[in-house]
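Alright, two takes on the same chain below, each alone as structure tokens: structure 1 and structure 2.
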Structure 1
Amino acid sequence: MTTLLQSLVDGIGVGGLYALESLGIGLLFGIMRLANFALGAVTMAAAYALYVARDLPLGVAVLLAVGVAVLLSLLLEAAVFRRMRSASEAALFIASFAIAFGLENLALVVFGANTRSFSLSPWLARSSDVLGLRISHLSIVTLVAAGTLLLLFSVFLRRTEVGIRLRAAADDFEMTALLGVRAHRLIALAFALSGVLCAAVAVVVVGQLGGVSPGLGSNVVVIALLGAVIGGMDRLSGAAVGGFCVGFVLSLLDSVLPLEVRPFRDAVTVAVVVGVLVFRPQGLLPGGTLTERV
């Protein structure tokens, strides 16, 4: 029973992590029809910012990572995606994939292929007993950070004027633009918010892995994309729920699968995703759609 509870707690933490990345994907897809694979590179850049600032106080390092992720996101929006507003979804995706590939190779040149190991904080590596469960401090921080960010984003999107405009744009961007909403500012804001989410994910992943490598972001964004797809990329809540479900299943499979099958965990997860899409191509939540808007 204790082992099961431990697995559930760990699964909730991992699910929250992928929910944040999937929310960033859903935000950009709703507005631009962009399944932004480059978010993985933004996450990687934030992780390397943490590495560069490893000798600074943790709060300063985190702020630096957020700044790098937001600035890189805004730069990509202004230099690439703003010029491709009228491009097809396939062209946008290929462009984002090319950007991610280029930034990963740039990281290879600058930092090398080997993992740069470092610790964010000795406290995060420790564990505490909570109701008989041995829970790492990192898992607690992950749960609190993911829950807080998801709550803040929910309040922002539902209770503020800017958030409501952003949500309206995600539902029907063309109609929102016709109603007088400034498209450039709204899209730039969406990219900036996705950068904040990527920085949060980078902090958690670096804490889990104890280092950073050029492939760090790609590993995260692939799973997050799967989650956003099965949750329904046209809805922000669906993308977040889908990311949470995929992350939760991944963590749970680590505990329940036999040791000889565990290396194929990702394959099992992809098979589950394919099964969901066969029966629910519009996503898990009602109201989602993958059809083209007219």
Structure 2
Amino acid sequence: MTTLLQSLVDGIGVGGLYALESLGIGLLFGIMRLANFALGAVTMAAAYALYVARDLPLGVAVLLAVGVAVLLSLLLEAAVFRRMRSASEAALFIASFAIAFGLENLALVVFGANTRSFSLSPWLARSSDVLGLRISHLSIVTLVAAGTLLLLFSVFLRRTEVGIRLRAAADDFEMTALLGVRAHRLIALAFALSGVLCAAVAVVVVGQLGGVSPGLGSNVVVIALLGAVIGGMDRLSGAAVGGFCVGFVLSLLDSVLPLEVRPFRDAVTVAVVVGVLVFRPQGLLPGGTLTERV
């Protein structure tokens, strides 16, 4: 029983992590039909920022990571994606794939291929007893951070004017622009917010792995992307819920599946994704307005 509870708690933590990254994907996809594979590279850049600032106080290091992620996202938007507004979804995806690949290799050039090990804070690595379960401080932080950020985002998107504009733009970008919302600023804002989410993911992943390597981001973004597809990329909640579900199920399968089947876990997951794409191409929780017209 306790082991099951333990795996559930771990699963919720992992799910929350992927929900953050998937939310970033959903944010950009809704507004400019960009399934941003480069978010993985932004996450990786934030993780390297944490590494560079490893001797500074944790709060300062995290702020630095957020700054790097936001700046990089804005830079990518200004340099590449702003010039590709009229490109097809597939071309945008390939461009973001190329950027991710390039940045990953830039990290390889600058920092080398080896994992750079460091610890964010010794407290994170310890664990405490809560109600008879041994819960690591890291999974508490993951849960609290993911929960708080998702809550903040939902309040921001539902209650503030900018948030409502953002949701409107995610729903129907052209209409929103016609109604006088400043589209370019809104897109830049969405990129900046996705950067914040990436930085949060980077903190948690670095905490889990105890280090950073060039491939750190692409592992996360692949799963988050599949999650966003399953949930439905047109609605922010759909993407986030999808990311959560995939992360949760993967984490649970890791402790439930018999050992000999475990390596094939990812194959099962991607089969589910293909199934969802074929039978519910709009995702399990689709947005309201996206019916393709002739």
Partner chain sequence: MRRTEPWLAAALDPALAVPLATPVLLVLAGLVARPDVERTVVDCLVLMSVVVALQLFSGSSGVISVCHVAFVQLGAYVSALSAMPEQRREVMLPDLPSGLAHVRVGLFWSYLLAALAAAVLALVAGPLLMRLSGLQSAIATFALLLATQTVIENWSAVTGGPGALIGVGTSTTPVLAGGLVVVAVLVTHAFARSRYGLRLRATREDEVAARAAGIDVERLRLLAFVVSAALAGAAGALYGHRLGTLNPDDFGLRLTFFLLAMLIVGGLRSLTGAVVGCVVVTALGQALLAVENGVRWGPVGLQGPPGLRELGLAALLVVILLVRPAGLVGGRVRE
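Everything numeric in this text was worked out from a predicted model, so none of it was measured. All residue numbers here refer to structure 1's sequence, counted from 1. If you superpose the two forms and keep the largest set of C-alpha atoms that fall within 1.5 Å, you have the rigid core.
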Chain form predicted alone, by structure number: 1
Core-aligned CA displacement of F264 at least 2 Å between structures 1 and 2: yes
Core superposition between structures 1 and 2, C-alpha change of I12 at least 2 Å: no
